[in-house]
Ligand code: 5RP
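A lone chain, given as structure tokens: the form predicted on its own.
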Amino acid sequence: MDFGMQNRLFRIINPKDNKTVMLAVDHGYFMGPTGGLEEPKKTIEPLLAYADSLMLTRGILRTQIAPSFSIPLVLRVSGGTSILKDDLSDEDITVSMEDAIRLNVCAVAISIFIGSDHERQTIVNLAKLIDKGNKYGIPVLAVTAVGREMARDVRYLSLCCRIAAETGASIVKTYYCEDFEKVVKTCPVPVVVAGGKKVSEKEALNLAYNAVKHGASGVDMGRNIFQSVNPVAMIKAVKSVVHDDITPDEAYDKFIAKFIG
């Protein structure tokens, strides 16, 4: 692995503890103005000081993030569908690697849909993106997106993560499941866990704790942070669980409890 690739990976996943808290705000590329992100700048800016990296689209980066912020960037570069379609797997690469470089990103992110009608298309897109990334020293994060008909169990998620790693992804983002340590054990690259749909603050903190406890390199949370009753307190709590080995109950009491009547 060349210096540039390794340096960018170390900016995303802290080499001191091999952990990361990624803030995901890329939902709008297929969901439109997601709740909590109607005015992205107002939501994102107060959280930047507490995230290890920021996952977003180039449109939001160019219009809503001040260039003075030095947070590592993970750029969403796949798309082509919206929530109005029954099949979200019909994606393609929507951003060139050259534009990603112009935006000074640390990694690019693309979804793969294993078991979907467009499985081959999304895996080939991943492979093409990795070839481009290798040329310029840009890591690729593969998002193991799950179709409505797919079960989020250890067998399926292990399959998705291993395919992503075998194709050449530097990081894999997937969902937490029972026996999650088996997913991590069979994936030869770092795995981060998606926050998923909004749940209670206690549930989200338990998710972060269990993910790291069972081998994940951290979490990539969005809605469970920016849709929280207090987003800044929530990201502080998540960060304390991931990096400081604080229990979910301790983190909840320290950062969240006072905001929930």
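It should be emphasised that the depicted structure is a prediction, and the values quoted were computed from it without experimental measurement. Sequential numbering from 1, following the sequence displayed.
Just so you know, the form predicted in complex with this ligand exists too; it's not on screen, but the next bit is about it.
- Contact check for Asp26: a heavy atom falls within 4.5 Å of this ligand in the predicted complex.
- Within this chain, Tyr156 is remote from the site of this ligand in the predicted complex, having no heavy atom within 4.5 Å.
- For Ala194, a non-hydrogen atom is located within 4.5 Å of this ligand in the predicted complex, even though that partner is not displayed.
- The closest non-hydrogen atom of Leu75 lies beyond 4.5 Å of this ligand in the predicted complex.
- Stretch 138 to 146 is the answer when you ask which of 138 to 146, 100 to 108, 156 to 164, 114 to 122 has residues with heavy atoms within 4.5 Å of this ligand in the predicted complex.
- Against this ligand in the predicted complex, the set Ile12, Tyr50 and Val238 makes no contact: no member has a heavy atom within 4.5 Å.
- Of the residues Leu54, Met221, Ala216, Ala233, just one reaches this ligand in the predicted complex with a heavy atom at 4.5 Å or closer; this is Met221.
- Residues Lys173, Tyr175 of 159 to 189 are found to place at least one heavy atom within 4.5 Å of this ligand in the predicted complex.
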